[in-house]
Ligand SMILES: Cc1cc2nc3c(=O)[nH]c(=O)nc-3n(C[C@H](O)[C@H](O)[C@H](O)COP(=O)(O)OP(=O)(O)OC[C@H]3O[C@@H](n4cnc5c(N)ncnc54)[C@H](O)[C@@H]3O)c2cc1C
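Quick heads-up: it's one chain on its own, the form predicted alone, in C-alpha cells.
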Amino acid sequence: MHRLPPFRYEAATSAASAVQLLAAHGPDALVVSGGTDLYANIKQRLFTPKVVVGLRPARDMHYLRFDQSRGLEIGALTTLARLAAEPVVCERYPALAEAAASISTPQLRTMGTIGGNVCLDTRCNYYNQNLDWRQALGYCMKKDGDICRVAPGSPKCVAVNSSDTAPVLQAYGARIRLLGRSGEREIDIADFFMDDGMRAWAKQADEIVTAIHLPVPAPNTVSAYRKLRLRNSFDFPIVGIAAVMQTDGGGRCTGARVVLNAVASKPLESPGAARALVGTKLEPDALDAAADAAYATGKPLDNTSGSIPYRKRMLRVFARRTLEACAAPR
C-alpha cells in the first residue's frame, strides 16, 4: 500500500487567499480541489509538496450559472457530478455533460471538480508508476530524468492530455479565468493548453483557475463526446473525440469544430474534419470524410494503454461515432 508522505495542509477561504498562500510558500506548495488525481500522484512521489493548499472551503468558486446573453459560467470548484446532471448543461451543452459523466466513477465525480479536471496532469506509461519502478528504469525527463522514454530523441515530454472535459471545452470555444499575484486574466482555453507534457498549461506558478466561461450556443447547435478506454467503467481515455456543429435549421452544417484528445500533450483540433463537414447535410459520405481527416490529424505514440496501430485505427472509429451522434435526428 502506498502512503501519503507528510505535508502541511492549509485551507484557502477564497480564491484570493489561495493565491496568497501559494505566494507565501512558493515552489513548496501545490493546490488541491477534489484531490482524486493529485493525492494518488503524491503517493507515487511524482509530487513532493511541503504544503498543500486546499481550495474546497473557497466558496467564491462553487457556482454554476447560465445567462441567455452571456452564456454559461462555471466556478472552478463545481463538481463533475453536478456538471453531468445540471439541466442547463444537459440541454445547452450536452457534450460537456457527456464528458463529465464519463470521468472515473460516481464517487470520484462527486469529489472531482471541473478546475481539477482541466488541470489534470499529463499521463504516460513511463511516468505514472511508483517510485521503485521509475528508479529501476532510470526515470524520465518529466520527473528526475533527462530523457523521454517514449521518444528518446524528443527535446520535450510527450505525455498526453487525458482530461475528458478539455477537448469539449475547446470545441465549444470556452475561455478560462486565472487569478494570480499580478491580478486576474482570461484566455481562450485553446491557448491555455501547451504542447509539452512537462509544461502543460499557460499558467504561472502562483496562478489558479477560478472559472470557465462558455458562450451561448448558436441556434441549431449539436454536439457529442465519445471516448475509448480499456475498462469502460472508469479508465482514462486512450482516444477521445469532441465535436460541436452548427446547422442552418435545414440540416446543412454551417460551422464545426472537431477536437481529439489523448493523442498529444494538449487537445488537438482537426481543421480538416471541420472542412469536410461544413456545407454538407451530414450525410454518411461527409461523416466518413471528416472521420478520415480526424484519423490523419492524430498521431498516437507509445505512451498510454493500447498499441499505436490500435489507437490510430480507433481514431477513425470514434470520430465517426461522435459525428454520427451529432447528425442523429433529435
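What you see is a predicted model, and the numbers here were worked out from it, not measured in a lab. Don't overthink the numbering: it's just position in the shown sequence, from 1.
Below, we refer to the form predicted together with the named molecule, which is not included among the displayed structures.
Put simply, of Ala95, Ile208, Ile189, Val239 only one has a heavy atom within 4.5 Å of the named molecule in the predicted complex, and it is Ile208. Though the named molecule is absent from this view, in the predicted complex it lies within 4.5 Å of a heavy atom of just one residue from Val51, Ala289, Leu64, Leu38, which is Leu38. Proximity of Ala76 to the named molecule in the predicted complex falls within the 4.5 Å heavy atom cutoff. Interface residue remark: Ala81 is not counted as part of the site for the named molecule in the predicted complex, having no heavy atom within 4.5 Å. Not displayed here, the named molecule is approached by Cys119 to within 4.5 Å at the level of heavy atoms in the predicted complex.
The closest heavy atom approach of Val263 to the named molecule in the predicted complex falls outside 4.5 Å. For the three residues Gln170, His213 and Leu323, a heavy atom within 4.5 Å of the named molecule turns up in the predicted complex in no case. The stretch in contact with the named molecule in the predicted complex, judged by heavy atoms within 4.5 Å, is 158-166, chosen from 243-251, 180-188, 213-221, 158-166.
Residues from 226-246 that approach the named molecule in the predicted complex with a non-hydrogen atom closer than or equal to 4.5 Å are Lys227, Phe234, Asp235, Phe236, Pro237, in the order they occur in the chain.
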